[in-house]
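Encoded as structure tokens, the following chain is the form predicted on its own, with no partner shown.
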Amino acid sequence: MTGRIAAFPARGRRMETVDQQHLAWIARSFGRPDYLPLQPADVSLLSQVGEPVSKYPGTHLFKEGEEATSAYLIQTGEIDLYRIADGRRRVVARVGRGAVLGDMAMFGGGTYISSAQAVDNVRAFRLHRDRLIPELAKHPAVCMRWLVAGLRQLEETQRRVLQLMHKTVLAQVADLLVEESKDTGRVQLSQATIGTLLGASRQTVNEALARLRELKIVETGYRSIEVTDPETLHEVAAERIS
């Protein structure tokens, strides 16, 4: 077995990159309310079960690698989700009101795969596993919605990773911008974060963004990318333009 690994070092590194990329997408998927379409009655139930917590800017709800004993429902404020890769802190998403964090890790009985840090003053409900699971057993409709949402999250994450693996970096960056700019026409991601999500170097991401600027498809600023030509961006994402 040792000899076989040594014979294929590039493949081993590639698989490690894919695993890290997959984890980054899962971490990013945490907290997306569209993946957890709770009804008002569901939120009311969860708030009754949950313990209210407050966090100041810079403090954490949880940290990567800690035992996942609770999930969190964000009431107010914003949270940065980040992972540590190669000794560096890399933000993979910023989420706010209505977001649910840490639920997959909590139900799985494992550890959190990302850290959740308050950007501003945050109020949330901590849903401890030992209190939450008995309540979900009493409310099967809520339990089913939560289950379906988790499965959708995993399926979408896998689809995104597999789709991006077979594209050029330029098409990958364009594809990500298409996905992230759907609602506002703007993407609030740093180039380092884009690199983490795509498993690409910051330099190649810079080059791709420079090409998109050249084509007058995007305008870039600090941690912000504005899509000025969505139609052509779709064409680049589909690799119909070079």
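The first residue of the sequence shown is number 1, and the count goes up from there. Small disclaimer: the values here were computed from a predicted structure and weren't measured.
Not on display, but discussed next: the form predicted together with the DNA.
Engineer: May I ask whether T168, N206 and R213 each come within 4.5 Å of the DNA in the predicted complex, counting any non-hydrogen atom?
Structural biologist: Result yes, every residue of the spot touches the DNA.
Engineer: Which of these stretches, 62 to 70, 175 to 183, 49 to 57, 191 to 199, has heavy atoms within 4.5 Å of the DNA in the predicted complex?
Structural biologist: Of the options given, it is 191 to 199.
Engineer: Indicate whether the DNA has at least one heavy atom within 4.5 Å of a heavy atom of R88 in the predicted complex.
Structural biologist: Because a heavy atom of R88 falls inside 4.5 Å of the DNA in the predicted complex, the answer is yes.
Engineer: Please run the contact check for T220 against the DNA in the predicted complex: heavy atoms, 4.5 angstroms, yes or no?
Structural biologist: Yes, T220 lies within 4.5 Å of the DNA in the predicted complex.
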